[in-house]
Structures are given as C-alpha cells and as structure tokens.
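In the block that follows, a single chain appears as structure tokens, in the form predicted alone.
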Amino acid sequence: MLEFLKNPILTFQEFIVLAGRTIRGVFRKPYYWDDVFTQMDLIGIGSLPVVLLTGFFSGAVMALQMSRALQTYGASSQVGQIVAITLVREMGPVLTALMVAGRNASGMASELGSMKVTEQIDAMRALGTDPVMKLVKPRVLATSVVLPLLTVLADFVGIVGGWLVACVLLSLTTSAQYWSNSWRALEYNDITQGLLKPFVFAIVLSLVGCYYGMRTTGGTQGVGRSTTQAVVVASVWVVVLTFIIGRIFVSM
C-alpha cells in the first residue's frame, strides 16, 4: 500500500515545489517580457478559433435542449437567463480551460520535454539561467492573462449562439427580451466566479504542462508520455477545481 502511494505523493510534492518556486519568481526579476508576449500570442491568438467555436455551439446547444422543457412550463422567455447564467458561471470557464489544456498544456509539455531530453535545460542551468524563471514563469504569466480574456469572449459568443437558436430558429422569445433577461440575470457574484475560475485554471494547467515537460525522461517516447499525462491531469484538475470554487461561492 505504501509503495502504491509513494509515486503519487512524490509527484504531488514535486509539483508543489515547482508551483512555489514559480509563484515566488513572479515577484522577482528577471521577467523575460519577450517570452511572455510570445506565449500570449501562441496561447491567446492560437486558441481563439477553437474557443470561439466551442463557446458558440455550447450556447446554441444549451438553448436548443432547454427549449422543449421551457415550452412545457410556459417559460420560454427565460431562455436567455438560463443560457447566460450557465455559460458565465460554469460552461464558459470549464470548456475554455479544457480547450486550452488540450491545445496548450500538451504543447508546453512537449516543448519542454523535447528540451529536457536533448539536454537544453541542463545547458541552461550550466550557463547560470534558472529554467523556472526562463521557461515556466513566462508561460504561467501569459496563460493567467489570456485565459480569462478567452473565457469572456467564449461567454459572449455562446450567448450569441443561444440567441440565434432561441430567437431566430425557434422563435421562443423576442430579441429584446432575450438580451434583457441575459443582462439582468447576471450578478456580481456570477461575474466574479466566471473570472476567478479561468484565472485559477490558467495557473494550474500551465504549471501542470510545464511540470510534466520538465520531468520528461526516456527520449521521444517520454515526450509523448509526458504530453498525454499533462492533458489528462490538467483536464481532471479543471473539473475538480470548478467544483471546489463553485462550492465556495455557494456557501458565500
């Protein structure tokens, strides 16, 4: 039993150490702003098409599936409220984070893993450069800035998708009523929750991608293994954290 728990505990311990070094490094120089902006472009602009597509069809599917139930209870006018609250609180942050995890956490793991197996990270240490400051911190900073912005765009596009289905295709309600209910349904608690989640997700999924990349061993097979582990672990953390954060806000 103890042997079974040894590896997970050691992995979690190493991850916490990396996270602590990265967070402490955020408040220390150097910052490598060129690397930060490069990562923001790769993560933000690169993920924009898939995030917008996912957000749009999430809102559209939500309105489509809710239409029958709302018509049964004579509450078709509330479709905008349901779409807005569900997207901003839960679906927008979670789906955006999962898309970014699949696209960028894997990319970080494969990129850093390739550097690890080719001994570029060891050479960096030999030259006096801290790999955490040079490689991990820019990716964490860039993801923390970009993911909340991507989530806002996904939420808006999702609400537009819900409007297209509810008002144009199914004529459940008028456009004015849809947008009015969507706007009035959102409270400061919903917006805070919808922005805090992607910020926390960004830190975790970028750290997970970098962690598995930095501990890669075994050549090209090891890179593939690290990439798969990064995507799986980051996705699981997103689901777990959305429950934890949601539970905290429900208790407030």
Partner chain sequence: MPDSSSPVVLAFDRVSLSFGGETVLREVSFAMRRGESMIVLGAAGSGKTVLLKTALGLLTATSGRIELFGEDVTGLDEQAWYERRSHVGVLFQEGGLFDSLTIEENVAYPMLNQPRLACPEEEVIRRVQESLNFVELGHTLEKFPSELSGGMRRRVGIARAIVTQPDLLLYDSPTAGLDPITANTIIALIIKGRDMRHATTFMVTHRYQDGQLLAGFHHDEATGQLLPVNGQRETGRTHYLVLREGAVVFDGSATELEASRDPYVRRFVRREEGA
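Numbering follows the first chain given and starts at 1. Everything quoted here is computed from the prediction, not taken from an experiment.
A second form of this protein, the form predicted together with the partner chain, is not displayed here; the remarks below concern that form.
When the partner chain is considered in the model of the complex, only one residue from Val160, Met124, Leu170, Leu153 comes within 4.5 Å through any heavy atom, namely Met124. Thr129 is the sole member of Gln177, Ser144, Thr129, Thr86 with a non-hydrogen atom within 4.5 Å of the partner chain in the model of the complex. In summary, the region of this chain contacting the partner chain in the model of the complex, judged by heavy atoms within 4.5 Å and restricted to 91-99, 160-168, 112-120, 76-84, corresponds to 112-120. In the model of the complex, at least one heavy atom of Tyr32 sits within 4.5 Å of a heavy atom of the partner chain. Contact annotation: Arg103 falls outside 4.5 Å of the partner chain in the model of the complex, judged by heavy atom distances.
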